[in-house]
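Quick setup: one chain, the form predicted alone, written in structure tokens, and binding and motion questions come after.
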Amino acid sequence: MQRHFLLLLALGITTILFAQNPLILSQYTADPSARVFGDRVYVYPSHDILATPGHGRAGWFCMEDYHVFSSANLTEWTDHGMIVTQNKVPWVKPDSYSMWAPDCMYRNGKYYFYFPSTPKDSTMGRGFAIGVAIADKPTGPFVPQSLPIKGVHGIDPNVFIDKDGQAYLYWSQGNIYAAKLKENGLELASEPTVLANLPTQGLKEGPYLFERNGLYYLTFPHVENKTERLEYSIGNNPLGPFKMTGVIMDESASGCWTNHHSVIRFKDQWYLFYHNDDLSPNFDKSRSIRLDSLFFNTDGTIRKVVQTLRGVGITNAAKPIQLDRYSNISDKGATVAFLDTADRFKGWKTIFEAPGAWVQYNSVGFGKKAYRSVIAKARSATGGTIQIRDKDANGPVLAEIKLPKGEEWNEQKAAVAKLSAGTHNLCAVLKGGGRAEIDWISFQ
């Protein structure tokens, strides 16, 4: 394991992350722009940090750089490290902490990273400008251009390349704007157009355009009530006109003021990337990116996406299975809480407090390997037994993990009954009374 980690460092790979929702537990992330390059998905989010005296505005969004993450299976994510930082961009006002939602495209052998920020040259006008950094690989190194794109004032850049090769740039600044891009990706090829027939009341921002079966979907966050929900309109041309069609995702139950998203097709399935305030429930300017599947109706309209903890992908049975990112949970006696409220990046734990309380975690991949044991990182102040069942809370018992009485976290092992190959749904059930807490389980 250590040799493998050193090899990753030598290749410039920072961290391998195993995550469900939220995808990243090592830092705050927001505004995920997902792109499929080759056989991997690359996500370019913004990077929320907490403002400190002299570094950002207290109580507001604070962002100084960008990272890029990638995955081949949407379950194991690699952090490739920082790719652009504010004080190394020639045109950005130093220490402005305004590196907001970005995007990236591949064109003519290069990767073009688009990002907004506050310009240091006041003659560029008030507000934000949008610049470009260029790289030979999707993970960089990216070289920022000396000046932002002329004629573009706003935030939330989104790039789209149509089937004929024409590239378009979308952004927001009160309205949502669009323009054609020149072949060099650095200049506008047409005058900015205000996209019409969109909501006129309430904030709208974060445009993201994609095409499916000849239809162009203009998607964006919009404040219909008090917080943002994800809406969409459909047209027959990248520049519209568009017709308002529906809602992709309702307002977050947590009350997170913003949402920001992207939509991709990967291995014949469509996905919605978005964000919530999972790791910072009391401060919604520190957000975390998420991922759920997206489906269409036969008429091309989008089925509303419901936020989940489980997310997508198949979890490797030999890796830590975070039961707190459950697919389903019993009505009584099972809850989820932070492992450490002083360090929420440590994640969550599942708490069982009533006989028969359970959590179900779907899509665990066992492959063809014959697993002989299961390990649970757990503790029980009263002592107790956790059953691991196949399928659901009433399914066959695969293992019984006995937890000794104590306050310390320990890894407890139990034998596993014979299990057929393939992918299984698992359920952890508290047998009898007592109280138990589980961080994760894993099979050997």
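Remember, predicted model here, so these are calculated numbers, not experimental data. Sequential numbering from 1, following the sequence displayed.
The same protein has a further form, the form predicted in complex with a small molecule, not shown here; the description that follows concerns it.
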query	finding
Listed residue (219, 288, 350, 259) with a non-hydrogen atom within 4.5 angstroms of the small molecule in the predicted complex	259
Partner-contacting position among 112, 271, 242, 100 - heavy atom within 4.5 Å of the small molecule in the predicted complex	100
The small molecule contact at residue 279 in the predicted complex, heavy atom, 4.5 Å	no
Partner proximity in the predicted complex: residue 324 to the small molecule, non-hydrogen atom cutoff 4.5 Å	no
Residue 63, heavy atom within 4.5 angstroms of the small molecule in the predicted complex	yes
Residue 205 within 4.5 Å of the small molecule in the predicted complex, heavy atoms	yes
Candidate stretches 379-387, 55-63, 35-43, 404-412 - the one whose heavy atoms come within 4.5 Å of the small molecule in the predicted complex	55-63
